[in-house]
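There is one chain below, alone, in structure tokens, taken in the form predicted on its own.
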């Protein structure tokens, strides 16, 4: 099943209610998330900000179905993730969620085109068709001339663009980016964020960006602040809403 293509701008794309997460280490249980409530809207780029260790990466991992929570419920465009089961969650994530990991996780032995094509290949698409789509996306992100190269031959900013293209190739309803500018200088970071706004944000998709980088907050439509495993406030950028 593909992501819905109707105009969903302004509707709740991701609904988190009462999300609780504990970790156990050395026999001690520590609560990481304390009943998180958060709505993420379609057609927007939502930033999740807060100090290191406050639970941001844990929360997006639960949103993406990579980690289970102890309690709470998550809906993505009306689908209850907790009702899918493990196998169903894997299929759902493969069809509806795109992730740009902080460490990028590009495969060094594969070309740029082959790296971008992976999500379609996993879904059973033929290699030739997947690579055509991958090359189309590489053109969109300004890397058409790098299609046959390997990740080690690219700059960090170029590798980030490859990871963004890979996250988008299956047209997901939710795109999650974990610290996309952490390893980039200001100019490269702005370039990546401009690219994300240009190719990732759409009226039927929600984009979540986890970041410590205050330089890129002007790109956000909405900013959710976290502290000690809680959402403390959600700030709408009125200047962007009025634009």
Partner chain sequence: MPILALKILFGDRGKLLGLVFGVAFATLLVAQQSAMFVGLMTRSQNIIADAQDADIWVMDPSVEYLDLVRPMRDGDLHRVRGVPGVVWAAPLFKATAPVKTPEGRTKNALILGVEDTTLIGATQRFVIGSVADLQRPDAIAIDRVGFMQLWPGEPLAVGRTLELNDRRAVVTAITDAAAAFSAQVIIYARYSQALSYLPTGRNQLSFVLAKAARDLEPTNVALAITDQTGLRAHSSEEFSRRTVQYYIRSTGIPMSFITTILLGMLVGSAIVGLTFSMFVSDNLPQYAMLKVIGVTDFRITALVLLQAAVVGTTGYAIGIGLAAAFFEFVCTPTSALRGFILPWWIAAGVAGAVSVLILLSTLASLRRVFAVEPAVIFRS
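Note that this is a predicted model, so its numbers are computed, not measured. Residue numbers count along the first chain shown, from 1.
Quick note: we don't show the form predicted together with the partner chain, though the next part is all about it.
- For the marked spot (35, 73 and 79), a heavy atom within 4.5 Å of the partner chain in the model of the complex is absent from each of the three residues.
- Using a 4.5 Å cutoff between non-hydrogen atoms, residue 93 counts as a contact of the partner chain in the model of the complex.
- In the model of the complex, none of the heavy atoms of residue 40 sits within 4.5 Å of a heavy atom of the partner chain.
- With a 4.5 Å cutoff on heavy atoms, residue 110 counts as touching the partner chain in the model of the complex.
- Although the partner is absent here, residue 178 is a contact residue: one of its heavy atoms lies within 4.5 angstroms of the partner chain in the model of the complex.
- With the partner omitted from this view, the residue of 84, 154, 132, 122 that lies near the partner chain in the model of the complex is 122 [heavy atom within 4.5 Å].
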